[in-house]
Structures are given as C-alpha cells and as structure tokens.
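Here we start with a single chain on its own, the form predicted on its own, put down as structure tokens.
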C-alpha cells in the first residue's frame, strides 16, 4: 500500500460519544501529518440495534467540530446524506446490496476457510448453557463443520436457514505487531468459529470490516483497545484471502475518574450534548487530544495546527486517559476568553434566544447590539461554558429582577436600608457615570460602612445576584436611570 489511508468506522447504534471523538482525532492527525486520506465509513450491519437519527447525528457532530475528511457520507445544506469518494458506497448496508459480502464469504467456503452452519438459535443457546454448567468456554462445538455436500444441499433445499462461520485453524499462534502494545500473540484454540455472514445475508462486523478495509485500500487501522481481541480473527481472514494486512494501532480507552471505561451511564457522554451546552469545538479538540497523549512539553493550550505539527502516534499512552470534566471546563473557559467580543456574541446568540432573553430582532438592531456587546463583555471572562451566559446576563435585559432579601439582611434590615439610601443619594448627585467616577463615589461610602458590605449590597440591588460582574462595571452598563430605579425600588 503506497499511500497512507486511514478510516473511522462508527456504527450508528447510538450517539457518538466523547471517547469516539478522541479516536477520530488521532486518525485525523495521523492522516494529515502523513499527507494521506482520511475516510469515514458507516458500519451499520447490526440492523437490530440501529438508532434512527444516529447517522445524521454523527455527521452533524463531525461538521460542527470542523473535522474535515476526504471520503465518506456527509450532509448537504438540507441535511440530506450524500457521499464523496471513489470507493463508495461508504455505508455498509448500501454496499451489501451489491452482494460483495456474500461473494467473499462463499469464496472462503470454496477455499476451505469457512463453512455453513444450520444450527438454530435454540440449539446454540442450549449448547452455551451446557458449556457454562461445565465451566467450559462457550465456543461453537462445530456440529456443522463436517456436513457432507449432500447433507448441505438437502438442508438448503428444505429451506433451512444457515450462517457462514470462519473455520479457525487448530493449534496455531496468531501474531501481529500493534503500534501501541507491541507484539500480540493469540492461540487459535481460544478463538471461536466466528459467524461471518448472518442468515439474513448481512455480514457481521468481522467479515465486513476486513472486506471493506481491503477494498478501500486502508493502510492503517486506528481503533479502541476494545477491538484487540477481535484482531486475531481479522488476521485469519486477511490470510485466508491472501490479502496484505494493514498496520494496527489500538488506542487505550477514555476512562471515567474511577478508571472504569467511559460509558453512556457516565454523565452526558454524547458529543452533541457538549456542543449544545456551549463547549467550543476548539476546546474539545485541544482537551481530547491530550487525553492519553501529550507533546512532551509543558504547553497545554495548543491550536489544531500546533497539535497537528507536534502529534506523534508513538507517544500514545498505554494506559487509558482519564476524562475530567473540570479540566474540559478549564480549557473551554480559556477558549471563550480568547474569542473576540463579536465572536463571543455570535456564539452566545442561540443561548440567549432559546432562553427567551433576547430575540433575533434584538441582534439586528444596531443600537441594541451595542448594548448586548457591552453586557456580554462583562461576563466573557467569568463563564466556562456558553450555556451559562443567559443566567449571567438576564438581569441586564429585564426590569423584573428578583432579589433574595436574605442576601442583604445579614447585618440587619435597617443597616442595609441605610447603606442603600446613602448609595442612592450619592449616585443621584453623580454627574459623570463612568467606571472610575462610580468607584470613587462608592469608595467614600465604603469608608463608613465597609467595602464588602457596600459593594455587595449595591451589586445585589442592581442585578439581583449574589455573584455577578463587578459592581462598577454593572452600574456603568446599566446606566444611571436604570440603576437608581432598581436601588430605589429595593429601598
């Protein structure tokens, strides 16, 4: 294989989760570094477990994360699934229609590396149960391996359903070199006669992945360590066909903090959930790239281009990388602060509209937009995810703010009222409404009542919040009239 060609081959049996994206990124970095092709192939042969919108969900996530690829299915502007590339279709259920999997399965039968199995599900279940009771491996007992051609023809003529199984050789060591784990050796006697073609004509993963990787000229296979036990089966199939075996790179799993495999039961693992909450694609890129890999320096904030330049597939850790949501929050906060105010407003827009704080028309009004920028400028350095924006700024867009008076009366109701009245009087007489003048004005009152008491009381009075942007910045953006009105109402 002269050209580097790598692929991701997700199955639409669920929504692509954050651990899958890490594997996708490693594929992407290697392909781009080596100036090779990066392919997306959809492995949907397990028809019983398909999730209706999972494929569209995957393609949208790839699009939103700006993960570009050279071949495979993609969505047009109307979310219609199209395909690009010379090796299509890139969806296995579509490829199955041409009969290629059946053709190759039958070729293995002719070569003596596979056989038809007519055992019913009931018979197989009983066999497994008996083996379990005897504490024996639940491998297929090869009842159908030695059927004569006459017996096979009679069963087919009688309409008996059958699958095609791989004939695993006895007493052999199956070996391959994995880029992460080194030399792997597996005794063939530990491998079951895996089903290659199901009775409905659909291939299993094991046949389809080998056939498609060969036909699509895949040179390197990057996938999760979960697939290590399956690789010897695939090696046998490659050898049976006489095909060149791609290089294998098994990547350790992304783990929960308790070091268990990241699963759908762990918080929200769906990548779409993270995007919808307001995690930035560039933060996800940066963080996930460092889960189980690092460039060997102290630098943690790296652009896509910097990661691509530094990435070394041989530096992947052999132990699983821990997924830490607090660390992702930290990355996201940094990338939010790196945005220009225009970009920050643009990315916050849908959250503010969905929360019914603002409307589309508000963003089209040039004067209103200036005010929106001022308000969002107050919170940009304070938030970690964009979904926090509405709650952080809602008091700047509504006059109906709710104040928890318990926040203000810890020093006594009358004391609080006295502070508010003094603040109101001073600010009423203030002619220049700027941050610096507001600071000087309130500092004079702080000398009497204490800085924390004055500033905190004023902040709560004008925003209704215990935690909000700085009191002087908030007063300046709200303006004199609105600020005084809120303080007077609370008095």
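Being a predicted model, the structure only gives us computed values, none of them experimental. Positions refer to the first chain, counted from 1.
Keep in mind that the form predicted together with glutamic acid (GLU) is missing from the display, and what follows is about it.
Among 291, 389, 164, 209, the residue placing a heavy atom within 4.5 Å of glutamic acid (GLU) in the predicted complex is 209. The contact residue chosen from 311, 205, 90, 202 relative to glutamic acid (GLU) in the predicted complex is 205, the criterion being a non-hydrogen atom within 4.5 angstroms. Considering glutamic acid (GLU) in the predicted complex, the lone stretch of 221 to 229, 341 to 349, 147 to 155, 182 to 190 in range is 221 to 229 [heavy atom distance within 4.5 Å].
At the 4.5 Å threshold, heavy atoms of residue 21 stay clear of glutamic acid (GLU) in the predicted complex, well away from it. Residue contact with glutamic acid (GLU) in the predicted complex: residue 9 places a heavy atom within 4.5 Å of it. Proximity of residue 37 to glutamic acid (GLU) in the predicted complex falls outside the 4.5 Å heavy atom cutoff.
Residues of 442 to 481 are not found to place any heavy atom within 4.5 Å of glutamic acid (GLU) in the predicted complex.
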